[in-house]
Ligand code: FUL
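A single chain, nothing else alongside it, follows as structure tokens in the form predicted on its own.
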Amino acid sequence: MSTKFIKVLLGLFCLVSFARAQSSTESNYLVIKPGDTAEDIVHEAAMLTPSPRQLRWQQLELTCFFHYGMNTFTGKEWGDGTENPLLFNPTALDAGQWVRTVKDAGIKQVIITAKHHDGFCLWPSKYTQHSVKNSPWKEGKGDVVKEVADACKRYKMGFGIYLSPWDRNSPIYGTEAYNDYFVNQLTELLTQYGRVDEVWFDGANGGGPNGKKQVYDFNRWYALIRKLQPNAVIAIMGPDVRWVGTESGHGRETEWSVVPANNLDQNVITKSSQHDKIFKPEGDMRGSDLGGRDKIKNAKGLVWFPAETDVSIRPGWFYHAAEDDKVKSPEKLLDIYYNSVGMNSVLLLNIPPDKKGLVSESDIKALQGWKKLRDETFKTNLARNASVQCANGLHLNALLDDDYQTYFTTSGIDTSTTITLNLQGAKTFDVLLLQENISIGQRVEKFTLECWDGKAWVKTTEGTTIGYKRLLRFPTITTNKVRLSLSARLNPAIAAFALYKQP
């Protein structure tokens, strides 16, 4: 049998395998079929892609929490629900200042804590007296949620809501009636403020005033959100986005967006729409690698379930004057950026407004310094004018064209490649940026960057996953030539390659 004929057969096999995977992954989840081999599962994982809402969310990169409420005025982090609404009385609340401040820092979407665990509502809910309608602020006629939503529209920012499932004020918490109460409040928030881009639930579940705990009806809540705000991602205790696992601002070195879903069966599929899931994937979401080959080989199903990394700019989540000198520095925020956005995650940075109702000067200065550092670092791609060579590569110029929709890939059935870039003269750099076009899938399992020292190739840095964005720092290098070697689950789809020098 000739070598040429063998290559033709291999090509046909690849096309059949590709079509098989494509036909079985028309959504952002799949059920592993009986008889699927370990290699079948790897290929299917490589074909899964985010839903449109998940892709839009991932491309935001930077989002923001506004923790604001009764705790701002009591100095607590978790209120107990007995606080008097008369305590809530900001003297200069300006949601426009909040949104403008974070937009100037490069943040693209905000989430307001419409109700925290104390049950105090920042909007005049008709289902409780424990809300701004019984506060002196604006003589009970104010609505913080509306002011934030209106500011987001004015400044063209994404808008999201946090509604705590735990309610330490509600007398019906711990009964079935509370789930109806929660649905009523969620409906208010989803119907009165225009477009909602993210709904954020945590898993806090302590006792209520009657000492009982609540059995949350999450599936009912998910269905309501899909009906009333179909473009909203449902985060953390939800089907679209998972918690990275810490509140340090640091994600995983190996971050797969495709992970096992061991509760995925035909019953769950029937409850979901044809092309999108409305269930929260279950399975072990801890550990340093959630989606590697050894993690998915025995999975019942696979889902696109990306990570959100949350952290506060201060030690606490609510504003406390005593923490004004403990705000994270621009340099610390930059380190967090590299370890969240730069590790295939979206950063959710908390900026808590103060008692007056303003983002404090301490926070503003830190945000401005952080933005300046990012701008200076990522201003010039030192590889922009490089000539690109790759023996088995297609669309070589897509690596450097600043267009996320175009991407480099490999020919035939090749899943490994080496790309050489001549930098057109000596360049000095200490940061590598890589991006996969995740609308094709997340595929890269390992990559290495080497630099030419005039005599030989020397390894500079290496990593495992890339995903939407990967950033690596290393000691400063000066060279005129670099090469990137990578191996992937299927043909890689590399949307960007860049080299930068930190100031």
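All residue numbers are counted from 1 along the displayed sequence. Source: prediction; values computed, not measured.
From this point on, the text means the form predicted in complex with ligand FUL, which you will not see here.
- For the chain shown alone, E247 is a contact residue for ligand FUL in the model of the complex, at least one non-hydrogen atom being within 4.5 angstroms.
- Residue contact with ligand FUL in the model of the complex: W200 places a heavy atom within 4.5 Å of it.
- Proximity of W317 to ligand FUL in the model of the complex: non-hydrogen atoms within 4.5 Å are present.
- Ligand FUL in the model of the complex is approached by D310, whose closest heavy atom lies within 4.5 angstroms of it.
- Site annotation in the model of the complex: the residue of F218, Y162, Y337, Y178 reaching within 4.5 Å of ligand FUL with a heavy atom is Y162.
- Proximity to ligand FUL in the model of the complex, defined as a heavy atom within 4.5 Å, holds among Y468, F65, W57, Y68 only for F65.
- Here the chain stands by itself, but in the model of the complex one stretch of 250-258, 362-370, 201-209, 292-300, 201-209, has heavy atoms within 4.5 Å of ligand FUL.
- For the partner-free chain shown, nothing in 374-390 comes within 4.5 angstroms of ligand FUL in the model of the complex, judged by any non-hydrogen atom.
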